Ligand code: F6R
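Read the single chain below, which is given as structure tokens and is the form predicted alone.
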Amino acid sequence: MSNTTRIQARSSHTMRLERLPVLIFDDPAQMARQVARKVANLIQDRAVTGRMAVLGLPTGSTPIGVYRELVRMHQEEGLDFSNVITFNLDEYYPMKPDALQSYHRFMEENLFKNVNISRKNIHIPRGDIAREEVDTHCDEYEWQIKKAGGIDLMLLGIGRSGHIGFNEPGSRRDDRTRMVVLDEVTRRDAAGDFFEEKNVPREAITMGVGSILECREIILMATGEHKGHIIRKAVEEEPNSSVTASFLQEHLHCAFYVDRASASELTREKTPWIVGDVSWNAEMARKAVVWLAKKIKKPILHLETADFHHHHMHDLVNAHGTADELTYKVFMELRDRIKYQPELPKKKSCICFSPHPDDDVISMGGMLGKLAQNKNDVAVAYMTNGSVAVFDMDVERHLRFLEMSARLHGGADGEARIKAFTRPIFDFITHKKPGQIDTAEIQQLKAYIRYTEAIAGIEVMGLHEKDARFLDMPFYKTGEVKKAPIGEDDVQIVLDLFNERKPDHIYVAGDLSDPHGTHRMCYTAIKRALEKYNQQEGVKKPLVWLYRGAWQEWEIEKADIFLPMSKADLSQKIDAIYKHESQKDRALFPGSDAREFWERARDRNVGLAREMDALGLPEFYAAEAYVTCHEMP
């Protein structure tokens, strides 16, 4: 099996920490294919014996890959769904079945309408019934599951609070299908789907933990770094009601299928030397030395043989001769990764890919400034227009400016013409329903707001309007938070830019934790385009610089480049972030972090510098970190 599809199983040492089986996949797409194959095998095995296959199904971004693969298998391989019965986990309340955010609609669009499942075999809790009917409906739902013979295979996702279904912290192990009040974290995470947190329902109907544990087999799936902490809690800590997914440890046939990003906090991933023997290559040695220095709060060059021995790392020291030789080698490797302005690219062709029209300055504003100072030919490619993240009030503010300014160049007639354009938009916004899709006109106005902010931001960094490239990629232009899959049109747009610019360096968002998944999709489009570009005759492969977004910074031991930043550098970066006024004070999709984006950038950059200083590396006011490669992992 190739490296990109490698699955990591557990060692016997790991099994003592991890209380249920965890399979780690390097490639989330491979994870989705493997889960889909298990579902298909179940369906086919039941068909051979003339029985129904009963599935429990989730919604959310994680299972979409599974559903797409099942649809592909139905359309290309003839996978037959006529013997399938499904029970979905949950639904918001109140919620009409045809609403944009309805799980009925989600399942219809992502699976049911594309396969030959019988409508009478589909079961989803209803969010459109009277409140006094909810208890009866929940009892009926439980009875329907029993009537079907129980659920053969339950697929689950996991919320950031550790919930499965909508079984929030505090749920009991024996809970059944019922109405629940949604946790604040859950509602905040769902805000993107509803265009604002205030529009998210406060209640939902969910299958209970007890109902889930009665399923014959369970697979929980997770992707993304933001799930790392909760996966570790669910897998390594005692079952408890604060993390309802931890109750799955009690099931005899439950496994977690996770990508490497969401597995990052597991002990075997973060500190593998604690759970067993490791191969002490340079990367692992660097990781261990940095971990030990942080743990006992010593600079790297102050670590002694006893420090390693007290933490059961004798073999690491032995592999490198002495503790002094080991720590000196790691220290010098890290110090050599610090690159000052003269060591950065000069007079080269560079493309900075920014998934949204502010990721560039938030994530790599320091680097943009240095690239401009070094007279590189920089193009900042904004991959999406960011329109769904603009408040209606920002549109109204700009329209009022347009109406007032019309008097300057058109008098009363000019004002009348402008109002003929603006007033229907005001009227639409006034009567707009929660979660309603904007008109194409309003979507474009919101895009223009983001574009003008982006130009203002890069001008602060020493670049110009001509350096901004707005790719406006098709996958994003749905008018909804939910996006279309990356298609060939998206890939071609990026490939055309490569062919035009012939870049020496490209800068790409390498984080996978943004709450709406756009960074991951943009990464996929760039990777596919770069593979095609690099295969062309006579092409010189550009160096890829992976930066992190507003949620994490690269860990010190992983980073290939550290860019020192002075207080003035950081102030300039923050000034550039300020230019994104529609995202300031109260961003529409802030994710799980209450801080403003400029605060996150400041804290991340200053925090990295302090971490480096604590390890004994040169002291800076702030720093950015990058990972470099010629082929995107």
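Start at 1 and count along the sequence shown; that's the residue number. None of these values were measured; they are calculated from a predicted model.
From this point on, the text means the form predicted in complex with ligand F6R, which you will not see here.
Checking Gly228, Pro542, Gly210, Gly157 for any heavy atom within 4.5 Å of ligand F6R in the predicted bound form turns up a single hit: Gly157. Taking a 4.5 Å heavy atom cutoff to ligand F6R in the predicted bound form, the contact residue among Leu89, Val395, Ala288, Cys522 is Leu89. Ligand F6R in the predicted bound form is approached by Thr59, whose closest heavy atom lies within 4.5 angstroms of it. In the predicted bound form, ligand F6R stays beyond 4.5 Å of every heavy atom belonging to His356.
Looking at Arg268, you'd find every heavy atom of it more than 4.5 angstroms from ligand F6R in the predicted bound form. Ligand F6R in the predicted bound form is not approached by Met383, whose heavy atoms all lie more than 4.5 angstroms from it. None of 418 to 426, 157 to 165, 318 to 326, 449 to 457 except one has non-hydrogen atoms within 4.5 angstroms of ligand F6R in the predicted bound form; the exception is 157 to 165. Residues of 101 to 119 that come within 4.5 Å of ligand F6R in the predicted bound form, judged by any heavy atom, reduce to Tyr103 alone.
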